[in-house]
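Given next are two forms of a protein chain, the same chain in both, each as C-alpha cells and marked structure 1 or structure 2.
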Structure 1
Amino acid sequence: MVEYGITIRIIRKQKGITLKELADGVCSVSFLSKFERGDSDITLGLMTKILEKLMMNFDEFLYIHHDFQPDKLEQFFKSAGSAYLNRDVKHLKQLKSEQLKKGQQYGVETYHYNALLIEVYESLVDAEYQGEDVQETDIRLLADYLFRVEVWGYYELMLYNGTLLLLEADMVIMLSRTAYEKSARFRGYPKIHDAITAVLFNTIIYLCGPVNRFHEAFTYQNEFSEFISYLEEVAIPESNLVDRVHILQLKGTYEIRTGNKEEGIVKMKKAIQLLRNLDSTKLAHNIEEYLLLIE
C-alpha cells in the first residue's frame, strides 16, 4: 500500500486536514508522514481507520487513486465489451494476448478465463476466426469454474454475463439460479446489484427466445416467472425508472409469447410511452422496432 500514501496526502490537503489531525488516534505523525511520502507501508487496519477519518470508503479512494478511472477489473470488462460492440477484432486480439501473458506470468487461472471470454467475443465478430468450437469447449471451462465458486462477486457475475447467451438453456437456468443465490451477500453493493440485475435481465431475454421462434410453444413459463420474481426481489429502486420500464417490457413480451397478444402489446406500448416521457427516445425506438417484429 506504499503507493497509496501520495493519494492520501492529496485527499487530506483537499479536505483541509493537517497531518496531526489525521494521525490523531490512528498512528504517529511521523509514521503518517512517511506513508504519505511513500517511504513506509501500512496495514489494512490502519488504512481503514485513516479512510474513516477522511469520511471516505475504499471504492471512492481507489477511484481517486486511479486518477478518476474505474479499477483495472472494471476497465477490463468495459474494454472487452466496447471492443465487442464495435466489432474491433484487433483490440480483442490485443486484450486476449495480454490476459494470456498475465496468466503465464502469475499462474492465476482467472486470466485464462478472461482470455476465453474474449475469445467468445472474437468468434462472434471475426469472420476469419479460426479457433476451436468455443461453445463446446471453452464455455464449458467457464461454467465449471462458476459452479465451483462458493461466493459470486463482481468478477463472476460479469464473466458469466458475457457468455450467458451462448450457453444451452438448461445450463443458463442452473447458472443464473447459482448467480442469484451465491451473490446474495453482496447485493447491497451498487456495482454487484447492477451486475446481478443485468444477469437476470439477460436470462429472461434468453428464455423468451429469438423473434423467429415466437410461433413455437413457450416451454419456459415457470422459469420466466421465477426470474422475474428474482428481479422484483432484488428490489430495483423506484429511482431506477429505466430498469422498471424494462421489466414492464419483458412482461409484455411474455404475454405475447404465451398467446395473450393484445395484453402484451398494451404493456409494451405503455413501456414505450414511459420512455418517451423520460426523453429516452432511443430506448423507446428500440422497443418499437422489437414490437413490430413480434406482433
Structure 2
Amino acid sequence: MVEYGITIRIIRKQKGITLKELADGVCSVSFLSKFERGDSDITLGLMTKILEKLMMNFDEFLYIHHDFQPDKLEQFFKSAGSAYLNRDVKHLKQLKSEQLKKGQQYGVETYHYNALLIEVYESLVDAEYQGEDVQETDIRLLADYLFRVEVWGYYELMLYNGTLLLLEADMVIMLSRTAYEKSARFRGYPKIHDAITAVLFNTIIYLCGPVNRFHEAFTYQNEFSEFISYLEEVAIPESNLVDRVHILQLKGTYEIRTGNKEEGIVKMKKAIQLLRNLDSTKLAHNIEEYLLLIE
C-alpha cells in the first residue's frame, strides 16, 4: 500500500484546514485520520472528492507526493534520454535490467518494449554493442504493437520517438502517419502535444537523411510536405514560438536539401537571428552548427 495519506496530511496542514473541515461532506473524521496516518488505503472515489476540496488535481498531488519529481513513466523516458545523450552505457544497462525485471513481475509486453528502446540507445552509443540479430525480431514486435494500438497516448508516442531511428523509411512514414492520426484527440493536452510534435520533427529530419548525403537525390519530397503540413496543423498556437522557429529551420533544411542552397541559408539564418535576439544562445548555436555541417 502506497501511503498517499501522509502527503494529504501535509497539504491539509499547509492550507490550515482541520480534519473535520476536510472530512465534512466527504467521509468520516475518524477514517480521514486513519488514512492520513497511513493506516488505510483509500477508495479512488473518495480521494477524488478530498482532492477537489483541497482545490488540487491528481497530477499536482502526485507531484508533491513524489517529492516534486515527475511520474515514473516520464522519468523513465527522461533518464533514458539523458543517459543516451551522455553516452552513459552503464546507466542504460541498469535501466534495461530494471525494465526487464518489471516485465517478469507483471507479465506484460510493454516492459519488453521499454527494454528495447534502451537497446536502441545502447547500440547507438556503444561501439562494442553486438546484438544486431536480436533486434530485428524485437523491432518487428514493437512495430506490431504500435500498429495494433487504437489510440496513441504519451507512452506510444515517446516509445516510437525513441526507436524511430532504427526503422526502415517506409515503416517510419506509415507509423508516423498512424501516430499523427491516432493521437489526434490528445492535441489539447500539453505533454502529449509536445510528444506529437517531437515525433513529427524527428520524422521530417529522418526523411531528409544524414547530412553527409545531402548531395544525393531527395526521394521524400512529398512526404516532407505532408509532415510539415501536419506540423503546422498541430503547432498552431501562436504562442508556441519555439516550434515555429524549428519549422523555419526545417523549411530551410528542405530548401538546401532540394538544391536551393541560398534560400535555405537565408531561412536558417533568420531562425538563428530570432533566437539570438531572445538570448537563446544555445538553441541558436545548435542551428549554426547544423548549418556548418550542411554548407
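Structure 1's sequence is the ruler for residue numbers, which start at 1. C-alpha atoms forming the largest set that superposes within 1.5 Å between two forms make up the rigid core. Treat the numbers as computed from the prediction; the structure is a model and nothing was measured.
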Here are two forms of the same chain; which is the form predicted together with the DNA? 2
Is Ile11 one of the residues whose C-alpha moves 2 Å or more between structure 1 and structure 2 after the core fit? yes
Quick one: once the rigid core is lined up, does Val234 have its C-alpha move by 2 Å or more between structure 1 and structure 2? no
Relative to the superposed rigid core, does the CA atom of Phe35 travel 2 Å or more between structure 1 and structure 2? yes
Hey, core superposed, how many Å does Lys20 shift at the CA between structure 1 and structure 2? 5.4
Fitting the two forms on their rigid core, what distance in Å separates the Cα positions of Met55 between structure 1 and structure 2? 3.6
